[in-house]
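Next up is one chain by itself, shown in structure tokens, the form predicted alone.
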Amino acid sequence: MAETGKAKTITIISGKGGTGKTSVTAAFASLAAPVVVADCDVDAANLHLLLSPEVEKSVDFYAMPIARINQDLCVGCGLCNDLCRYDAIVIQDDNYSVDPLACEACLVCKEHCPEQAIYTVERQAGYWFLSQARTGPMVHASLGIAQENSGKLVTEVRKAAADVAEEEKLDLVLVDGPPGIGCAVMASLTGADLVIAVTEATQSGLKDLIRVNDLCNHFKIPIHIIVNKCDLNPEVTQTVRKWAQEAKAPIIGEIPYDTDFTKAMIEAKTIVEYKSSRIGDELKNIWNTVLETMKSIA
């Protein structure tokens, strides 16, 4: 891509996991290298398995601060227990305390405590990393077990990726987004210039694709579609084509089922690195289409 100042961002998402989103992202990274890659699927990050990055920097990630009770100030009125909607206030030995796993950090208890006995503490919930992969800089993350605030972590990963692109004067950021349409997906879409939705030829895949398209329309982000495993059910694939035409969401590639995807993953390679194959050729054609599309995006 030609340098235009601020880096462009392409976000690859899917309505659910297991559609091949990460394999497509890795293939694009190989074809676009050097490029900044951001793995925003922080709840189940796995892009690093294909790109084998070497970590250069690790940054602590803190979720929303949670409540604690100062036992010296608490008079045991129980108002915090009455107000908590998440049953996070527990009683032990006649003392009120906060269950950190149940606390949703709404801080209603702190706001209404008549003795001002409730305070907040930071909660480390994971890390994000700046690494070097063979395709260029990579920003990825690890969210702690049972930790939430994945949307906040996605925002930090995406922002770090944009900063790296600016520092290293790279003009493209590839974002491997989370599956679904939840908070983390919306966080990964912020600032995206183009969304590529990877779906598969199943009825559930089509329903997920429609929801993803609605989400992109809401944020006014153009969407292109890749149908993976298009030969799983030709009738559904035909239905996806018809729907995409009516929704004005162009299909830029159809990829048949091929065990080469799995074989490439086993060898920790992207499909275009694995060997010359029809799947690799198809992804190169799709990438050329993406590049042509990006030229038209100001």
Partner chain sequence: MHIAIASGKGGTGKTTVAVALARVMGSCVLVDCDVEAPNAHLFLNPDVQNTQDAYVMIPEVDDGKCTGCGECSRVCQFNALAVLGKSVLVFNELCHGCGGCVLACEPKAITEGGRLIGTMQWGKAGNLDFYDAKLRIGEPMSPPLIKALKRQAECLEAKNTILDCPPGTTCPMVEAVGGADYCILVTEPTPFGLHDLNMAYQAVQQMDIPAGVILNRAGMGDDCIQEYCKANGIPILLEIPHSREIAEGYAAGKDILSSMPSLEDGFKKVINTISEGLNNG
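The structure presented is a predicted model; accordingly, all values stated were derived computationally and were not measured. Only the largest set of C-alpha atoms that superpose within 1.5 Å between the two forms is called the rigid core. Positions refer to the first chain, counted from 1.
The same protein also exists as the form predicted together with the partner chain; that form is not shown, yet it is the one meant from here on.
Between 105 to 113, 188 to 196, 131 to 139, 161 to 169, the stretch whose residues reach within 4.5 angstroms of the partner chain in the predicted bound form through a non-hydrogen atom is 105 to 113. Taking non-hydrogen atoms only, Arg85 approaches the partner chain to within 4.5 angstroms in the predicted bound form. Shown alone here, Thr155 lies farther than 4.5 Å from the partner chain in the predicted bound form, counting heavy atoms only. In the predicted bound form, the partner chain lies within 4.5 Å of some heavy atom of Cys183. Although the partner is absent here, Thr262 sits close enough that one of its heavy atoms falls within 4.5 Å of the partner chain in the predicted bound form.
Looking at the partner chain in the predicted bound form, residues Leu49, Leu143 and Glu200 each place a heavy atom within 4.5 Å of it.
Interface residue among Ile91, Leu101, Val75, Val121, judged by heavy atoms within 4.5 Å of the partner chain in the predicted bound form: Leu101.
Contact with the partner chain in the predicted bound form, defined as a heavy atom within 4.5 Å, holds for exactly one of Val55, Ala247, Val59, Leu232, namely Leu232. Although the partner chain is not shown here, in the predicted bound form the stretch 163 to 179 places heavy atoms of just one residue, Pro179, within 4.5 Å of it.
In the core-superposed comparison between this form and the one not shown, the C-alpha atom of Thr120 has shifted by at least 2 angstroms. Core-superposed comparison between this form and the one not shown: the C-alpha position of Asn81 differs by no less than 2 Å.
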